[in-house]
Ligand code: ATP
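Before any questions on binding or motion, here is one chain by itself as structure tokens, the form predicted alone.
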């Protein structure tokens, strides 16, 4: 910034880094806006390596000893035919024009050490009041870029802000425009929203917008469960469970959001109350469809779907049963499943939460890991080559026998010693 100003250009840090600094948070990155055009930025900062990351739109990335910085020329934008990207970008010499194109007042503040804070749109006041408010006409801002609708919800979930009434009315009116936004951007914003500390309030208060991009959740709203285990409808139970988990695994947040999504489709009722038999299987299929639509990576998709399918699984609280579970899911996914189970139970009606069962299962998992007990094929004291020495041809038969040997070890029918396992393998060969 000093280098740019020494050449008689304006330069300010802008946007999220100003907002976070004013909230006492360490910014993850620092964006700089300037009156200098890209070629002038390159000339003024010629001592540094510069990458032309978005030079057509006025952005270059400057690499320094302490990190990288995006430097963008003041610009105006117009005509958003896809409701996401501007059709036309023009450079401007005026900071005000650049700030006026931004999404929310709290993101439309700039700062440099010469002039201090530049806040033409009341961002500081809104920041202090914890309000998300559009710059200018909210209908125009959302028509320009419909993803801003989800960004408003994400900021509310992350920082505990409320959304200004006029801004929310406009968001609700323009929510259908979210259908024009790429699935990847929607899934990214939703993931950040779910991981926000204040996600419960957002999911509850702005469900109309959430269900625009996740319509499968809509039948859950107001769907009473008529069960002694639940004192709320399906949607309320879901968002309570999402709020309970405060860990770092996004796949758990998604699994909790989707774990009971199949309930409305399989509801039955008798003299004992409401039942949702098989909802976890229906829910797993629905979750798979949703995550494919949102273009989740295969690993995350598989993990979430499995957690939804297994969340209601009966697990005996003994070592052999837990080892068997871990042989199927692996250690990490087993721990995730128990996190889902804990959040699900915590969101049940008071007096029906069986958290002691989750405590017991987690203690067993910890004991298995501590004792380095066998729960995966790779833990066995033999491998496929040892079986081939016995004359078993390479192929699926080896995998079948290895699985049988693992079961034998888990349930105490064989010792995890090479000689004992080879004898057991010979028995399986003789039976065949």
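If you're wondering where the values come from, they're calculated on a predicted model, not measured in any experiment. Residue numbers count along the first chain shown, from 1.
Just so you know, the form predicted in complex with adenosine-5'-triphosphate exists too; it's not on screen, but the next bit is about it.
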item	value
Among 151-159, 274-282, 222-230, 88-96, the region lying within 4.5 Å of adenosine-5'-triphosphate in the model of the complex by heavy atom distance	151-159
Residue (of 335, 240, 101, 301) lying close to adenosine-5'-triphosphate in the model of the complex, criterion heavy atoms within 4.5 Å	101
Listed residue that, although adenosine-5'-triphosphate is not shown, lies within 4.5 Å of it in the model of the complex (heavy atoms), from 175, 319, 192, 342	192
adenosine-5'-triphosphate in the model of the complex: contacted by all of 376, 399 and 403, heavy atom 4.5 Å	no
4.5 Å heavy atom contact, residue 424 to adenosine-5'-triphosphate in the model of the complex	no
4.5 angstroms heavy atom contact with adenosine-5'-triphosphate in the model of the complex for residue 10	no
is_contact(residue 207, adenosine-5'-triphosphate) in the model of the complex, heavy atom dist at most 4.5 Å	no
Contact test in the model of the complex: residue 164 vs adenosine-5'-triphosphate, heavy atoms, 4.5 Å	no
Residues within 4.5 Å of adenosine-5'-triphosphate in the model of the complex, restricted to 1-27 and counted by heavy atom	15, 16, 19, 20
